[in-house]
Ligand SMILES: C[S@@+](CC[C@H](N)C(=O)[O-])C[C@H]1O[C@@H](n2cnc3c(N)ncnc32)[C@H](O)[C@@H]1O
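Given next, in structure tokens, is a single chain: the form predicted alone.
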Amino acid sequence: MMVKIKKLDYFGRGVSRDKEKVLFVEGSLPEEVVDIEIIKENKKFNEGKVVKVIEASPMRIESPCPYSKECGGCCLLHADSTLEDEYKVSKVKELIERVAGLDRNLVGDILTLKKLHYRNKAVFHVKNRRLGFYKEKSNDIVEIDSCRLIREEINQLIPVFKDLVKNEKNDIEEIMVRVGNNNTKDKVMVSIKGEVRDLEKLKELVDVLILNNRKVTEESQLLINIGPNRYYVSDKSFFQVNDTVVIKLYDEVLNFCKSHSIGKVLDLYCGTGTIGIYIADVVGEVLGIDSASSSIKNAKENKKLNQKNNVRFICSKVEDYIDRVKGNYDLVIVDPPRAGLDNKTISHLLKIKSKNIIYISCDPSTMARDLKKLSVDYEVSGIKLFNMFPKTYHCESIAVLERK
């Protein structure tokens, strides 16, 4: 079946039509004519995949990954970076206009730095002694030898992991790898779920080794630098996967604080305390809240490590603690998970009446929804985009809100 692709949808799939139905086509680009195979039929739309490209887009490039058609983790690996940047900016503009009801020109350009081998963390799954990533929308394993998105230090460990997995004495379910960044030798953390008989070879190759939540090596955490600050990160703590872009993102928050004489800051979904500590020298005080006990443990250690005495952290779900927040805040920073803010949190943000809100988002659709709700009392002065996840459809955004 031959179709022409009109545009990309929010998930990086090509959009066309099949008679009365919308057609979503994986692996296609705008203006291409492609021969496709229907892989799933629904009442209002069908899903297809490219069998052959008949007329290729000038923005199509050869995918450097042999697994990209199966894995689905890097759905824009076949797209030129210029097209990727334009697509992400256009997507956020459309969401801001359609969902939030705001002027699309509030959305600026996107910052893209390293395009490949940027991820400092990977999670490998194991099934039937095969190690790799889950196939998109499936629990089937795509067995890999390397990945173009993860750091080379992680790729170099894949043969060792495969040997462990194929050893019949072992029964491994999952392997998580994270690479540190301490401006000297980048250290490596590995956390394994399952049964492993012999870890001696792996102990020689990594700095932090954890088996079923128990540390095997003397060290149990990584030390990662962001700008002038250092942060302890455990295997369970959230930390941004792109070392180079995260500095630019945090500098954006820092520069805002410098230019607005910020006193009290409320930092919601604070993780390991990275942002609060990053801005601590230019604000009065910071209160950080996060529900993950491992992250708050790291945050308190990071406060001492960086000697930031004007920062404190509380372990709680934001929605459970938000109505106990008292006092006047000049700035509220929110960096929620993909689901965005819940209604209770939004309601109390409106009651707190801070001068400004900085909304950091990894999902522009939920950000747009929340900005609409916050627009009762706030105006969005600008939105900047950061390509934290190149070659995927994901995009990081920062929206600055000012109280009316």
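One-based numbering along the sequence shown. All values reported here derive from a predicted model rather than from experimental measurement.
The form predicted together with the named molecule exists for this protein as well; it is not shown, and the discussion that follows is about that form.
Interface residue among 299, 96, 275, 192, judged by heavy atoms within 4.5 Å of the named molecule in the predicted bound form: 275.
Just one of 149, 332, 75, 318 comes within 4.5 Å of the named molecule in the predicted bound form, counting any heavy atom, and that one is 318. Only one segment in the set 78-86, 153-161, 136-144, 263-271 has residues whose heavy atoms sit within 4.5 Å of the named molecule in the predicted bound form; it is 263-271.
Put simply, residue 292 is close to the named molecule in the predicted bound form: some heavy atom of it is within 4.5 Å. When contacts are judged by a 4.5 Å heavy atom cut-off, residue 238 counts as touching the named molecule in the predicted bound form. When the named molecule is considered in the predicted bound form, residue 250 lines it closely, a heavy atom lying within 4.5 Å.
Although the partner is absent from this view, residue 337 contacts the named molecule in the predicted bound form, with a non-hydrogen atom inside 4.5 angstroms.
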